[in-house]
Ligand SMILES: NC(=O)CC(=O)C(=O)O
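Next up: a single chain in C-alpha cells, the form predicted alone.
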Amino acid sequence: MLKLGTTMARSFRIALVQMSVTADKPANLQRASKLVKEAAAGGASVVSLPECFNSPYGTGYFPEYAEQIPGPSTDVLKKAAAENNIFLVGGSIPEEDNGKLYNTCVVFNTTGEMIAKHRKMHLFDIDVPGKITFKESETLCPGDNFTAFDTPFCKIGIGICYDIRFAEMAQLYSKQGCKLLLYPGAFNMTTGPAHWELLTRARALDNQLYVATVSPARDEKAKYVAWGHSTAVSPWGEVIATCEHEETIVYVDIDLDLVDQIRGQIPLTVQRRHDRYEVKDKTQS
C-alpha cells in the first residue's frame, strides 16, 4: 500500500468502524478514539465512523446531545486524525448552529485540519404502516450543500444515511470526479434487511465507483435499533466487504485502476444522452 504523500496513489485501504453507541457521550468519544487508532494500525488511510457515533439515534436525543462545531466531539476527531495520520470521516453528530439542529459529518485530514462538513441533505421522514414511523424533521433542519474532499488517492463524496436513496446526489458526486462515496448511516430493522445492501450496490453500479456504508452496531435495547451490516461495494456492483451487526471494523482495499477499467469496458459516461437529459448541481449555477 502506498504511503500518504505519494502522488496519485492507485490503491489504499479504508476502515468502516461499526461501533457500539450508548447514552454516555464521553464513553462514546473514548470508544471512537480507541477504534480509530485500531483501524489506523490495521493499515487504513481513510477511516469512517457511523452516523450519530456520539449519541443514541432519535429525535428526542438530538437536542440533548447537540453541540457546536468545533466542540467536544470534533476536538476528539481532530486529535485522532492527527495522531494516527489518517483522513477521518467523523460519521455524524447532532450539530447546533444559531438555534437550529443538523445531522452533520465532519472530515479531518492527516494533520487534524477540518477539510469538509456535510449536513444531511435529505431528512428521514417515513411512515411504513405497522412497522416504523420516524420524522427527523421534528427536530432537524436539512443541509443544502454537496460535500466532497480530496485525498492523495481520489476525491471522496459524503452522504448521510437517507441521502443514499437519492440517486441524483451520487451521480453529481461522480460527475465531480469522486471514485469513492461514503455513507455513514443507521438503517433500521425494517429498511435495513430490505434496502441497505441493495442501495449500496445500486449507487456503486450506477456510477461505476466504490460505495461504502457505515452503521453503528446493533443495540437490541435501544429505542431505535440499527441494522448494522456495514458494507463496501465495488464499481462492478459486487459486495467486497461486509459484516454482521456486532461491533467490528471492516477493512476494504480500494483499487482505483478497477474504476478506470470498468468505466472503459462499459462507457456510461460518454454514452449518456446529454442532449436529452442531465442531472445538475443547482448550487453551482
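Note that the coordinates shown come from a computational prediction; the quantities given were computed from them, not determined experimentally. All residue numbers refer to positions in the sequence shown, first residue = 1.
We do not show the form predicted in complex with the named molecule, though everything after this point is about it.
With a 4.5 Å cutoff on heavy atoms, N188 counts as touching the named molecule in the predicted complex. In the predicted complex, the named molecule lies farther than 4.5 Å from every heavy atom of K155. Proximity of Y65 to the named molecule in the predicted complex falls outside the 4.5 Å heavy atom cutoff. Remark: K100 does not count among the residues lining the named molecule in the predicted complex, judged by a heavy atom distance of 4.5 Å or less.
Contact annotation: of the candidates Y162, Y173, F87, Y210, the single residue with a non-hydrogen atom within 4.5 angstroms of the named molecule in the predicted complex is Y162. Heavy atoms within 4.5 Å of the named molecule in the predicted complex are found in one stretch of 28 to 36, 215 to 223, 51 to 59, 240 to 248, which is 51 to 59. Although the named molecule is not shown here, in the predicted complex the stretch 96 to 130 places heavy atoms of K120, F124 within 4.5 Å of it, in sequence order.
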